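Only one chain comes next, encoded as structure tokens, the form predicted on its own.
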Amino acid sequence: MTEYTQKIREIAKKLLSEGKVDVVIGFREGTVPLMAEPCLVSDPAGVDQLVFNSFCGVNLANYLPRRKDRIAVVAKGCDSRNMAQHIAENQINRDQLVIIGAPCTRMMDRRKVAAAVDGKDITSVAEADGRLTVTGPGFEKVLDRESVLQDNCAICVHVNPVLSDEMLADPLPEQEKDRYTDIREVEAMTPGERYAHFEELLSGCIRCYACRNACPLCYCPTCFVDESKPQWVGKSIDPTDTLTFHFLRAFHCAGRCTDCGACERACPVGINVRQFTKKLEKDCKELFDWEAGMSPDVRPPLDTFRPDDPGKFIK
């Protein structure tokens, strides 16, 4: 995907020079290896800092809700699906956006890369021919990129943008994957086993809210955890409060989550928080034949009502 960099710069410079957008949202090199950071460019002279590589995992849709300016934004498959969701939920207008579509060969997980070199200091990385060459003081190691993909990317079935105005390359073949093996394992547990499983899963949570802050769906002006009248959930790391936070946040994302992995990527203690949202994603697919963000013109199933909705107990 590094070949996208020059084309992104050319498109960004053209759009800014011609006054078609006020800002371009993309990525630039981070201050440390294995990181690319979001970048907003409003001057044509600044487009040379824009890059694209396999560490551009941040979901740029997170920077769109309630903006009033004209925006060009680089969009992977999951980014574009969140943009479609934002348009459907009236958080941004489609005519404000110029979407630069990036068919995604999937993002790499910096934690897996670091583990593969036993935590040694990494000074540089290079991608070529499906491999990642990692170098540091006194070592060089070549990794198969498939072995260090983000977990959500390894099972992604929508690598191409669903919305775009400019494409950086031809669409890539979509892969077929069983996305819910881990969810079925949890579903097969007894209620007591499931409770113990989730208690263990969340035992390291420090309630930093990085998962919420990174999620492009969490754009509420005041989060339910910050409400005081009434107070829905305590602010401590008491296990009950922690479970309540994660379950309620997941339900707020039901039918809206694109499994972009932003929550899990941001978690400083490496909790598999996607297990909550993936369960609800699976349910929406089975009950409503619904996948989030595939169209900007359709509201998610829990935001609508049809007389033929599942659940006769409601009637």
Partner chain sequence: MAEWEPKIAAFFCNWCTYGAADLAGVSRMQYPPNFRVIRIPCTGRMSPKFILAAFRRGVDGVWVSG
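Positions refer to the first chain, counted from 1. What you see is a predicted model; the values in this text were computed from it and never measured.
Beyond what is shown, the protein has a form predicted together with its partner chain; the following relates to that form.
*Asks:* Using a 4.5 Å heavy atom cut-off, which stretch among 174 to 182, 147 to 155, 97 to 105, 235 to 243 contacts its partner chain in the predicted complex?
*Replies:* In the other structure, the partner sits against 235 to 243.
*Asks:* Is E140 close enough to its partner chain in the predicted complex to count, meaning some heavy atom within 4.5 Å?
*Replies:* Result no; E140 lies far from its partner chain in the predicted complex.
*Asks:* Give a yes/no on whether F224 approaches its partner chain to within 4.5 Å in the predicted complex, heavy atoms considered.
*Replies:* Yes, F224 sits close enough to its partner chain in the predicted complex that at least one of its heavy atoms falls within 4.5 Å.
*Asks:* Using a 4.5 Å heavy atom cut-off, state whether W290 contacts its partner chain in the predicted complex.
*Replies:* No, no contact at 4.5 Å.
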